[in-house]
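The form predicted alone is given below as one chain in structure tokens.
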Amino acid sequence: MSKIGVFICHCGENISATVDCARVAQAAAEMEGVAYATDYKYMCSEPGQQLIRQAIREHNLDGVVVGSCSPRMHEPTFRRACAEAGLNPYLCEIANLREHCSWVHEKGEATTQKAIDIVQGLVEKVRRNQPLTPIRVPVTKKALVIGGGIAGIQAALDIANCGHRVILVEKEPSIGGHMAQLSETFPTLDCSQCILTPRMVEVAQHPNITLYTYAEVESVEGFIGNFKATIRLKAKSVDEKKCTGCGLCTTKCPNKKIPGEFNEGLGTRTAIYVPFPQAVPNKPVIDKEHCNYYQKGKCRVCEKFCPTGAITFDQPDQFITEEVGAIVVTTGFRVLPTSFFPEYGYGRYKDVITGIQFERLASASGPTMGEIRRPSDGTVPKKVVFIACCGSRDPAKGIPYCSKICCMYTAKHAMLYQHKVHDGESTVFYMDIRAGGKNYEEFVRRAIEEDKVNYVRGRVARVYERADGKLVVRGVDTLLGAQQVEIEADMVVLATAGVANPGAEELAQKLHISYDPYHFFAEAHPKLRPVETNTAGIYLAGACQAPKDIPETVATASGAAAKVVSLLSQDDLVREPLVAVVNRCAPPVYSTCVGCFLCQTACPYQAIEREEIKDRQGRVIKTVAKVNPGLCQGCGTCVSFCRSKAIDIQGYSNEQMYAEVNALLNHE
């Protein structure tokens, strides 16, 4: 390029306070290839942009360098101004004179000289820039939501209500997730089922939502706007089209003593079952591991009594493929396995239970119809001890993080107990009370002051059982000078840590998304991109990222849905063309790529494909690497791994970067 314009911004006093902007512009005017140079107080303002547009037209500029603040702030602004003047926007570069110079140096000759050097480097780069065209990717106007808890339900409804089709996949026989197991929700103590069930029904009846329960995502291919997901529909052994949900089969099944997952083992179910009364869809599935027919080859009682002939023992798993434009991951969490707490006696003592088990005891649809009773003998406990932070904030257990919801649901459990057992006595052992949410602190104070819950600040060392059957909780009270205390209890409730689901790592690898050391899925940026992943087109919501309460879960689900709707509202997705390209040249070489495909193994976004180069007779001459621009994020990993130097990043080629560095090193 031979006609480059250089525009130096004072940025008020952010740059001009330490840099002689007029002198930088004067020095730029003398650089090779520069046809015009000037300075202005606010180049990003409308008059400043007009100055750039006017100079491009009057001097027929074929490149622009703007010396201003960080390109993160105003690069789109200046590139748009160039495009409005008829110049390809990718022939405009930003020299960062604020963060790289004026803000990190005192006023002086050396500071001004550094600014000149930075501009010189960008001038040399622009001289080698090539016009680039934004990448246009067609968008499939359909979304896939993985996980049918409250996060998945909220995301699916938000997307569907905007007119886009949604595929909702849930691995359990019913949607609802952990929220369906809850009795009441903090801080309002409203009925969980009352607020959740209408949304579950709305999902099942929504014309834009296709619901697949008892299903799992097997694989995902493609890129943003054009994903292809293979979904495995596990055999329910029940034809849902014929089944009316009458429930007769569940009453006739002879195998009635299987521990129920929904009630966390406190109740039983049959081998053919509906998870809970409000399940959606309200159709039974057969548990093959406990069904007499599948295990022993005889029984088939449910088949005999089914009035519609819906039982199909030979039903196979089905695999379907769905093409979608975006994916929302809402797979939730689980509580820490109780094998982590041998010191608390879980598994040895029936009356030591988890918080989620207490929820089922308190729920009207639970195994005791909402009455708080001891699992050991069915009596009403008169003394209950709640132990917070079981596993959370405990590096020795491998979980140094806070599970966030435990303080609140422990306070809720103590309140529910006091409301149901008026003459009962409840004690909470806690480390710190973390009630960070609207009306959360007031909720905890209400438990302490109004419901007379006894809070003891200290850790519990051991729970043991006396000869008379009483449980004893031994701990310390740090507010009384680390004094050792022992409290008798009829029941002990453990607020166990929230951890990632067992299959989280496998799912992350299928989706090519990142996860943290605890196997929670990682967002692209915790503040600026909290619901996005590093793989474009895949979004996160709910407790699959980290433990979250219901309000935060719903908020992130709606945030992810907004991102999806924004994407699906476009016919074509326009992306920056700053992606990797494999060079091409004339026959007989065709490309300097030697086909080692080391780049393919290194690419974190699965963007490298194989391409066969054929001669005029259709014979394969060589197989080389090819970059899928829809998947490539321009990270440059392939460039650094390429042995034959056959790959470059558009806009940041080796030639451009070497020229910029040489300009910095060779200044006079």
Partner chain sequence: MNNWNKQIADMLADGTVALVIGYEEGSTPQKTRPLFCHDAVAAERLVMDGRCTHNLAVYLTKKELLPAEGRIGVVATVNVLKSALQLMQENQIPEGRFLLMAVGPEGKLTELPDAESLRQYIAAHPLPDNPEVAALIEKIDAMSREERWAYWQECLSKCVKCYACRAACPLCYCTRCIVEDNRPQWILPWASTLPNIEWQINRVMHMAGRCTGCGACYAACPLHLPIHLLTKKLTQEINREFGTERPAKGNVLSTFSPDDKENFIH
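What you see is a predicted model; the values in this text were computed from it and never measured. Numbering follows the first chain given and starts at 1.
Unshown form predicted together with its partner chain; subsequent notes refer to it.
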Testing 27-35, 601-609, 627-635, 66-74 against its partner chain in the predicted complex with a 4.5 Å heavy atom criterion leaves exactly one stretch, namely 601-609
A204, V581, C596, I195: which sits within 4.5 Å of its partner chain in the predicted complex by any heavy atom?
-> C596
For N226, is any heavy atom within 4.5 Å of its partner chain in the predicted complex, or not?
-> no
Flag Y42 as yes or no: does it have a non-hydrogen atom within 4.5 angstroms of any non-hydrogen atom of its partner chain in the predicted complex?
-> no
Its partner chain contact in the predicted complex: N14, any heavy atom under 4.5 Å = no
Does its partner chain come within 4.5 Å of any heavy atom of K614 in the predicted complex?
-> no
Taking its partner chain in the predicted complex and a 4.5 Å non-hydrogen atom cutoff, the residues of 630-658 making contact are F641, R643, S644, K645, N654, E655, Y658
